[in-house]
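Just the one chain here, laid out as structure tokens, in the form predicted alone.
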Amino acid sequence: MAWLRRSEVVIAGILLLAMILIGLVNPAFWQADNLFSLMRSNVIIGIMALGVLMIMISGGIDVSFPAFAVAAMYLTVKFMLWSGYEGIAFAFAMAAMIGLLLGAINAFFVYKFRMIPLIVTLGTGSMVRGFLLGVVGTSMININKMPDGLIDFAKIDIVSMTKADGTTYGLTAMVLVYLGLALIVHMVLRYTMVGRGVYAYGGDPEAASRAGFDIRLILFFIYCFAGALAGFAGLLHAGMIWLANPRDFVGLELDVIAAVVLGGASIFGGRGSVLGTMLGVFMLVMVKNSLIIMKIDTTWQRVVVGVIIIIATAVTAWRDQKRKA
């Protein structure tokens, strides 16, 4: 029965209990349109959380990814408008590449100068946002100017349903994109030498180096990959909301980090899973959604996120100390 003690099983149990309680308080929670909305809200946060998970497993922390996401999104949309490009493949590749290159800057400073990841990512995030707003522009690109191909791609639904009043709603196909990326990250972490190196480095960098893992490769891989996921998610977000806002994603790092920690990843490195992170993302989004349904002021959402971070971190620290003992 050791599997019952796995963090993913515990999180899933808590999530199921929370869903039942929320459904009892407000039956509207179980309506199909609300559940579809919940799944849609998981996509962007979830994709970014996959990158943050890899960095946290390595023992680092990243707060620059929202800035990388908005820079990749805004620059790509600007390029699409300037060039008249209406496709999506090159656009998403461009956004991911911008994020990857920005992630490489993080990796360079963390590896070359042995700097604390939090300090590095605070600096690069601030630098990128300042450059974007100061040099590229501050004007929003509204739906009437957004590339049609990007919007049409993000509007694809897996399932479409009609309400009694004639309005339609559906489950976005972007959920499949999220699940596909999650599967890739899971495969990399569990079945490749680089993935094993990430866990080893997070457990003990010196031991990982002595075991023969290439520390430079590991650090550049995780920060570049996290940057690429952020850039991809940024452009997908613009397509899903039909808007490119260079001031977007402010404060999102707290939500994403909270979801990853809530999913069982250790802030000290060496532990974490894709499934746990996805459950953590769903729980965080569900709590915030429930606060909205219950008409609780949105300012209290920040309080809830802060409390979740503190409690989840405290539980993680306690669990690590218990295992060491």
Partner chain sequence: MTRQFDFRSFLNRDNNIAQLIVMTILIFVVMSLLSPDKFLRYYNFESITYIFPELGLLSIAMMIAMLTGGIDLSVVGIANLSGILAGILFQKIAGEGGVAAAGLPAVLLGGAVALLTGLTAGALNGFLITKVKITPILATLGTGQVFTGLAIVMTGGPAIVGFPVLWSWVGNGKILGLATPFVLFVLIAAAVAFVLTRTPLGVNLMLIGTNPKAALFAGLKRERMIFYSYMMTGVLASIAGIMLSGRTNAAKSDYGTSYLLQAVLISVLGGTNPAGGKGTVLGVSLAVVALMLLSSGFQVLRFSNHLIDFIWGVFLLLVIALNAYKNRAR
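Under this definition, the rigid core comprises the largest set of C-alpha atoms superposing within 1.5 Å between the forms. Residue numbers count along the first chain shown, from 1. Everything numeric here is computed off the predicted structure, so don't read it as measured data.
Not on display, but discussed next: the form predicted together with the partner chain.
- Query: Would F109 show up as a contact with the partner chain in the predicted bound form if we use heavy atoms at 4.5 Å?
  - Reply: Yes.
- Does the partner chain come within 4.5 Å of any heavy atom of M127 in the predicted bound form? Yes, contact at 4.5 Å.
- Message: in the predicted bound form, does V261 come within 4.5 Å of the partner chain, counting heavy atoms only?
- Response: Yes, contact at 4.5 Å.
- Query: Just to confirm, G123 within 4.5 Å of the partner chain in the predicted bound form by heavy atoms?
  - Reply: Taking the distances in the predicted bound form, the answer for G123 is yes, it comes within 4.5 Å of the partner chain.
- Query: Only one of 83-91, 164-172, 113-121, 143-151 gets a heavy atom within 4.5 Å of the partner chain in the predicted bound form; which is it?
  - Reply: That would be stretch 113-121.
- Candidate from I44, V285, I257, L279 lying within 4.5 Å of the partner chain in the predicted bound form - any heavy atom: It is I257 that has a heavy atom within 4.5 Å of the partner.
- in the predicted bound form, which of the listed residues (M240, L181, L101, L133) lies with a heavy atom within 4.5 Å of the partner chain? Partner contact (heavy atom, 4.5 Å) among the options: L133.
- Residues of stretch 233-247 in contact with the partner chain in the predicted bound form (4.5 Å, non-hydrogen atom): Result: R247 alone.
- Query: After fitting the rigid core, is the C-alpha of I296 off by 2 Å or more between this form and the one not shown?
  - Reply: Yes, its C-alpha moves 2 Å or more.
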